Structure formats: C-alpha cells, structure tokens
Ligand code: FA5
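In structure tokens, the next block holds one chain alone, the form predicted on its own.
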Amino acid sequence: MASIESVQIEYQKDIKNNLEINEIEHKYLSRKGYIAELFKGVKDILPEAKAEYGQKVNELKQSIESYITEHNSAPKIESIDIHPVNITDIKSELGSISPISWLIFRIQDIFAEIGFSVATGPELETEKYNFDALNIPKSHPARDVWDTIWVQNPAGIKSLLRTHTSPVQVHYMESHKPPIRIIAPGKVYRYEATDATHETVFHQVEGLMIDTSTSIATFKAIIQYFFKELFQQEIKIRLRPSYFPFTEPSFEIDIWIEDHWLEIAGAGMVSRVVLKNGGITDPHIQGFAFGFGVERLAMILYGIDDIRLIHSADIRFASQLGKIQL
C-alpha cells in the first residue's frame, strides 16, 4: 500500500497549500494522473491483496472527487433570456466507437479470459529496441523489410517511429520476470505509399507468452481459441514455415475463411538472442510471440475492401460500422 499512502500524503499537502482545484483534478484524476497510475498497479499486486488494494484506491478517488465537488463553485449568472425550443425539431444521432478501438477492446477481452494482461510501449522508439534488441543489427538484410520513419533527436539518440509493436516484448521482459503473458496493442508507422491494403499508420497487436513449458502446441491452442471467439465459429488454421529475426522457428498463420486460406499473422518461438537482450538467460525458459494487424482483421470481419476507409472522416461509413457493432 506504500504507493497509495504516498499519494495520500501528497494530496493532503496540496490541500494544505491551497493548490488550485483544476490543478488537483488534473494531477490526480486525469487519464495520466496518480489515481490512473494506482489502478494500473493492480496487476503487480498479489491476488489475495487485490480486493483491498482496489478498495483503498477507490476510497482515495472518491475523497478527491468529493473535495473537488465541494470547492467548485458554479458561475453566477445575473440574468438569462429564456426562449422556448421545440425539441421535436432537433435531429440527432448517437455516436459510435471507432471500429478499430472496438476491435482492440474485443481482442483484449478475449485474451484476458485466458490470463493475458495488456502492456504498452512508446511509439517514438530507439533503434536499440526497434531493431538491435530484436536480433536485427545494422547490417541485417531484414531491416529493408521495414520502411522506417526516422526522427531527429536533439540528444543524439537514433530514434524512429516504431515499425512494429515487437519492441514492447523487450521493454516488458526487462522489467518483469517469467511467467509472462501479455498482448501489446498499438499504432505502428511505415514510410510507404497508401493503397487499398497499405497505410502509413495502422495498428498491430503483439502477443508474448514465456515460461518453462510453453511450446508451439501451446501457441496453436491459444490462437485457435482466439479466432474461434473473435469470429464466433470454429476456424481452421495452419502454420507455414517462415522467417523472422526475432523468432526461431518462425511461421505464418493462415485461417480458412470463405473457402480459401488467408494469411493473417506471423509468429514463432522467441529467439534466445531476444530473451537474452530482455534479461532472460535461464535455458529452461522459453516462449512464443505473435503479431497481427488490427485493420486486416477489421476488413475481414466487416467486409471492407479498402483500408483507407477505416481511417477516413466519412460519417456515413463510420455510422454503418457503429450499427454493426451494436
């Protein structure tokens, strides 16, 4: 409970020092505020202590909300002209969540059911994590596969907009010990021309499972379960040998849908080099990693034939997807 206590102490100091209400609200209740950070920390709490931890965080949150409500005085209005409005003449439509956000939430829910948590990483990445730590050194021909958007960094560190979500693997391994079960959804960037099947900015979901008994058979069972839950029907899959620098062996995943095989993802057993770069040197530890494009799944689920429509500002298109989701 040390982190909760430290936030409580700082909150009391801020009250004593008459910190502005809007500053207190931003500092503690914003999306990146202290309360949000405390809730994220529940994943690191022992199972038997999670209920107590969550209760204490909620109590602190309610205390802060009450303080803000009590000290937020409503603006005084001297006078106001009231004009009747015929509300029957007002036309409005309910908004809907982005199809990509909806699909990411659904993917997270499916993997949560089998013990996977969600990890995140920076979109502005270093060369070390995007390439080197993933067994893709400067001279490696595989670097040509990713059309990289490099970014000038005043600190002299070679930076880029990440080309895949795989760097999250190494970041997570550096700060967590096995067993590990995570997925890492997020944006990725490629310097390439857009067309019906390619975008400069799109979304991927990275998956990682590491322990002493994980095997290809484990992966096949998990990915089979995922596609069954996502498509709400039995989906036949096959694994084809392939090559990725960060997995060995590597394979492509195909699904049988609408009477033909469709390539959907890449996967493999995590390379010993990548495990070592993440700080895992125990020879008995092994695991698998996989990655797939969210937009590609959305195109299959919704029957979309042009990826550019997904990120367009066409309200007609977005409203159609919203009705499908409901």
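We number the residues from 1 along the sequence you see. If you're wondering where the values come from, they're calculated on a predicted model, not measured in any experiment.
Only in words, not in the display: the form predicted together with this ligand, which the text now covers.
S.K.: Identify whether this ligand in the predicted complex is within 4.5 Å of every residue in the set H164, E206 and G291, based on non-hydrogen atoms.
M.R.: Verified in the predicted complex; spot residues all in contact, yes.
S.K.: Taking this ligand as it sits in the predicted complex, is V274 near enough to touch it, meaning that at least one heavy atom pair lies within 4.5 angstroms?
M.R.: Result no; V274 lies far from this ligand in the predicted complex.
S.K.: Can any non-hydrogen atom of I264 be found within 4.5 angstroms of this ligand in the predicted complex?
M.R.: Judged by the heavy-atom cut-off of 4.5 Å, I264 is in contact with this ligand in the predicted complex.
S.K.: Answer with yes or no whether I310 is in contact with this ligand in the predicted complex, where contact means some heavy atom within 4.5 Å.
M.R.: Because no heavy atom of I310 falls inside 4.5 Å of this ligand in the predicted complex, the answer is no.
S.K.: Would Y129 show up as a contact with this ligand in the predicted complex if we use heavy atoms at 4.5 Å?
M.R.: Y129 lies outside the contact set for this ligand.
S.K.: With the partner removed from view, which of 264-272, 278-286, 35-43, 50-58 is the stretch that lies within 4.5 Å of this ligand in the predicted complex, judged by heavy atom distances?
M.R.: Comparing against this ligand in the predicted complex, the contact stretch is 264-272.
S.K.: If you look in the predicted complex, which residues in 222-248 sit within 4.5 Å of this ligand (heavy atoms)?
M.R.: Heavy-atom contacts to this ligand in the predicted complex: F244, F246, T247.
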